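Just the one chain here, the form predicted on its own, laid out as structure tokens.
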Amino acid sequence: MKATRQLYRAALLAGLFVLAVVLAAATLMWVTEADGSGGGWSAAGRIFVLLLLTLAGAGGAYLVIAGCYTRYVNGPLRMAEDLAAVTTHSGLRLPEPATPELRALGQAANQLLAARDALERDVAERVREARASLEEERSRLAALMADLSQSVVVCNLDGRVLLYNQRAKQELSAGPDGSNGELLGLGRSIYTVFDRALIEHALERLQSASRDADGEAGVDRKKLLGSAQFVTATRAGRLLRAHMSPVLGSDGQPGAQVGDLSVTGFVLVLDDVTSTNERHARRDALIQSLIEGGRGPLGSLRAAAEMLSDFSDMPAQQRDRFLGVIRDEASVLSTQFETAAAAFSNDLRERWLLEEILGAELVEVAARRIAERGNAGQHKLAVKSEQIDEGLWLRVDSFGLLQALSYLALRLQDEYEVREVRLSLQRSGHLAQLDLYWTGTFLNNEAAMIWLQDPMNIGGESSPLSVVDVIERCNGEIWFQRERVSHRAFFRTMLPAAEAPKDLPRAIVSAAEGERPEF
């Protein structure tokens, strides 16, 4: 029923009620006046009847007002309480009121609740998707930082550590005596590890780079805020090269203002350059020793040569004496160069990606790879290791060397049906002697040279490099040799032996249980 019709109905009922009361009173008075004999209603009786009618009218009016109050005042209040209760829980709805008006209001409220629940589900789904994406990014970041060989530390402008990887914790928490102190941790100051003035100077350099770009048109200052570099030492005496990059905040975010950019922190990527610095120092010292040590012999050689050239009629005894000077000084120079080559042979090929590896480990991997590939064909190939020097270190291109050994072994199997090959590794002076040998089948020298010079092709995997190219890259030599007495033939490789590295990469230790994740 419409609201106007309800209003008309209520007004009509109220008018009829008032009319009924008036008519009742009028009828009573009329009846009393019509009875003139006085034997009818007395004045007290009339007053009593009038009071009864008044009370009856008041009671009826109260009932009407109470009903309207219950339906149109208590009903909305009760609905408001129910609405406040159901809004705190998803899926609940208002009960249907008795009156049509409140029922329409309840239906509208239930529609709003349903729309609210749908919106909450949509928001929850978007939050779940964003959280899953964030967790994926976090996992990638954690895996990336865990596998980095560099140390990474992220700090705010106050120098408080916000993020670091385990490599940084190992490198920066090591003490001078090798002990591991808790210098680096979340919320701790980076200035306990690095000098405050050093960090502040690097930040100033980043800011000055941006200020210098203010007058240049078309320059992206975010690129100019790329990085600053400095070199410092740790408490353990390790030399680190630090790359500092700023962390840029959004507009309005508090931080150091550089033009219209807000810098909220910085990232430090640390490289251990101790070995590189020591190698460069050795190279510089070697060059200096060659220069200083070669001046005297070269001067003597030049003087003796000039004397022999200027005085061709020199007596034989004096000529022999000058020739002896030339021979002795040339021998001194030759000794100096041989000593320098032996001392610095491992650093002569820095342009190649050579790595220091334990020789026994290299032989073990080579034997396993040869056996796996050799057993894939129709005929099986056995691989054994003998006479392995467990403490011998090599500085080689391990992948290329493994490829060369596999190539030679599998070619022996395919073309000469060799069923067993053996590997040995021994020290020979300052060199390492790596042999690949077999028994019973001889290979002529011409075929061996062709094998060493041809590009390697192993099981469908081709390489533009030959065996000789790989060995020369490792600063070594290889040749073929036969022993008729023992009926053995072998490819012998001579490689420079390396000293056992003093700064072996330490294994990355996982974070302790309960410790806050890196990301």
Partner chain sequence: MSKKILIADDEQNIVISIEFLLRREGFEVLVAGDGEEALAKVRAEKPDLVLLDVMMPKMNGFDVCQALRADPELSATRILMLTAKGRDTEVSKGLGLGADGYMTKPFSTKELLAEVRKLLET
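Everything numeric here is computed off the predicted structure, so don't read it as measured data. Residue numbers count along the first chain shown, from 1.
The form predicted together with its partner chain exists for this protein as well; it is not shown, and the discussion that follows is about that form.
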Exercise for review: Tell me whether Asp310, Gln318 and Arg484, taken together, all sit within 4.5 Å of its partner chain in the predicted bound form, counting heavy atoms only.
Suggested key: yes
Study note, to complete from the structure: Per contact check vs its partner chain in the predicted bound form (non-hydrogen atom within 4.5 angstroms), the hit among 398-406, 263-271, 412-420, 295-303 is 295-303
Check your understanding: Does its partner chain get within 4.5 angstroms of any non-hydrogen atom of Ser463 in the predicted bound form?
Key -> no
Point to revise | is_contact(His89, its partner chain) in the predicted bound form, heavy atom dist at most 4.5 Å | key: no
Practice item. Evaluate Glu329 for contact with its partner chain in the predicted bound form, applying a 4.5 angstroms cut-off between non-hydrogen atoms, and reply yes or no. Key: yes
Review point. Is there a non-hydrogen atom of Arg116 within 4.5 angstroms of a non-hydrogen atom of its partner chain in the predicted bound form?
Key: no
Study note, to complete from the structure: Students should find that, of Val64, Ile458, Met494, Leu53, the residue having a non-hydrogen atom no more than 4.5 angstroms from its partner chain in the predicted bound form is Met494
Review point. Exactly one of Ala143, Met449, Ala84, Ala104 has a non-hydrogen atom within 4.5 Å of its partner chain in the predicted bound form; which residue is it?
Key: Met449
Review point. Across 469-485, which residues bring a heavy atom to within 4.5 Å of its partner chain in the predicted bound form?
Key: Asn475, Gly476, Glu477, Ile478, Trp479, Phe480, Gln481, Arg484
